[in-house]
Ligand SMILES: Nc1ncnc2c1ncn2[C@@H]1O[C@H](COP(=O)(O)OP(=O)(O)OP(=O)(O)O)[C@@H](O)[C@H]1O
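For reference, the chain that follows is the form predicted on its own, supplied as structure tokens.
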Amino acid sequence: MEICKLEHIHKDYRMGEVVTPLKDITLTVHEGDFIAVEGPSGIGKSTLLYVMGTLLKADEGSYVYGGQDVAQWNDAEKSAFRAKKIGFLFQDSTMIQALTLRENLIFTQRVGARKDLKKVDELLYQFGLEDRADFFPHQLSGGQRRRAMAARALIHEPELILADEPTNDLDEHWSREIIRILKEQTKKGTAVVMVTHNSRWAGQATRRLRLEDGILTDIAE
């Protein structure tokens, strides 16, 4: 089943000169897809995820999610959509500093209209963070924070996970685990779109794409 579809998406940034990271992007995402987007640094891979997560609005083209035209949604509708449907695992993601790790997960879950404390404990254990549940974000190491953000991305059982370099700051063991966990989510019907520069992890995806010069193309196997 189709989750979302981007057609002829175009996005410009104006920073003295016009930079166009996305040119005529067309992409369809189905349930259970695991899509890896590769390409050089700084060429628009993160911008693509921001558009898909409704954090940025495309200048041209259409974005349809669940059969609805995203361009017609107001800010409140976009916020509700993100809270319930999308799991974000971004490099610049932050947790609420005044809340413990457990409280951060509970807060994210409730914003997404869910309440399942058993799920919170399961994810803490799955990501090796059960002994850090009552720690505040600043008390976690870089790798622990990355794992905590991965747990937060899954806490409300999203339809679509947008992951931007999800293995950054992780050792070999936890890099493998993050990819394994993302693959397990796709078996439940969740779709994953992952940006990565690591061809090894990209090779775990069911579809590999390359973004360069604003154009998205399939990588031949």
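What you see is a predicted model; the values in this text were computed from it and never measured. Residue indices: 1-based, along the sequence shown.
Just so it is clear, the following notes concern the form predicted together with the ligand, a form of the same protein that is not shown.
The ligand in the predicted bound form comes within 4.5 Å of no heavy atom belonging to T54. At a distance threshold of 4.5 angstroms between non-hydrogen atoms, I43 is in contact with the ligand in the predicted bound form.
Interface membership of T47, defined by any non-hydrogen atom within 4.5 Å of the ligand in the predicted bound form, is confirmed. Mapping the unseen interface onto this chain, R200 falls outside it, with no heavy atom inside 4.5 Å of the ligand in the predicted bound form. Stretch 33 to 41 is the answer when you ask which of 33 to 41, 185 to 193, 66 to 74, 171 to 179 has residues with heavy atoms within 4.5 Å of the ligand in the predicted bound form.
Of the candidates Q91, Q97, S141, S79, Q91 is the one whose heavy atoms come within 4.5 Å of the ligand in the predicted bound form; the others do not.
Taking a 4.5 Å heavy atom cutoff to the ligand in the predicted bound form, the contacting residues in 2 to 25 are Y13, M15, V19, P21.
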